[in-house]
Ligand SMILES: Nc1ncnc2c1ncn2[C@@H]1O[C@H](COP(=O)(O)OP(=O)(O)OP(=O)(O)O)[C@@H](O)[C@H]1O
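The chain that follows stands alone, in the form predicted on its own, written as structure tokens.
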């Protein structure tokens, strides 16, 4: 059975990495493991947020492999060598493995590395119960289809009209690309109290149905400021509980949690 894939996207600064990390922690705590975690954001914050360190990235691997043409000394083709080294770049965490996309270290685009990454994810997916992807700010990984087919896409917005407009563009893009998405949930993040009426009116104008509101959490802000991982966020944290309810609730409703 193929892995269930969950991706988190939205404009820059809406808290995608934190929500991704808390999603991973919630799934591991519910014994839904092993997980493959993909840091598809070139800013490379997800590893530290989860309390581990990614020493290598797909971008760096791609750049080294591109120096070799045709067959390598080991008898592998360039593509085979790239796939092998991407597998080697996996970092083990507690209940999950992490792979980081990173940035190309030289000239060229991600197209070739993206294709190889998709192939590796396809091959690896059978070894995992789930895949969780922290997407790059914007729509690049959806338009390039790096994420492949998705079972659940969380589109995050901060409590601003601009964030909602980005969420609307994500939904529009999904109609244009061939990426298959089982379900999309628009989620408001960093909410203090109840969301403003004007914000909900803007969501209605943009034809966005808000699936959940995640609260602002001062404990998370303090951990970020100190450079501490979110694994240290207390279990009773309202944000941690809200993310767990959102993700594990969806898995339970779809008969997935505990079924693999």
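Positions refer to the first chain, counted from 1. As the structure is a prediction and not an experimental result, all values here were calculated from the model.
Although it is not shown, the form predicted in complex with the named molecule is what the next lines describe.
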| property | result |
| --- | --- |
| Contacting member of 216, 29, 56, 63, with respect to the named molecule in the predicted bound form [4.5 Å, heavy atom] | 216 |
| In the predicted bound form, residue 221 touching the named molecule (heavy atom, 4.5 Å) | yes |
| Contact of residue 246 with the named molecule in the predicted bound form (heavy atom, 4.5 Å) | no |
| Close approach of residue 189 to the named molecule in the predicted bound form, 4.5 Å, heavy atom | yes |
| Distance check, residue 23 to the named molecule in the predicted bound form, heavy atom within 4.5 Å | no |
| In the predicted bound form, residues of 14-30 near the named molecule [heavy atom within 4.5 Å] | 14, 15, 16, 17, 18 |
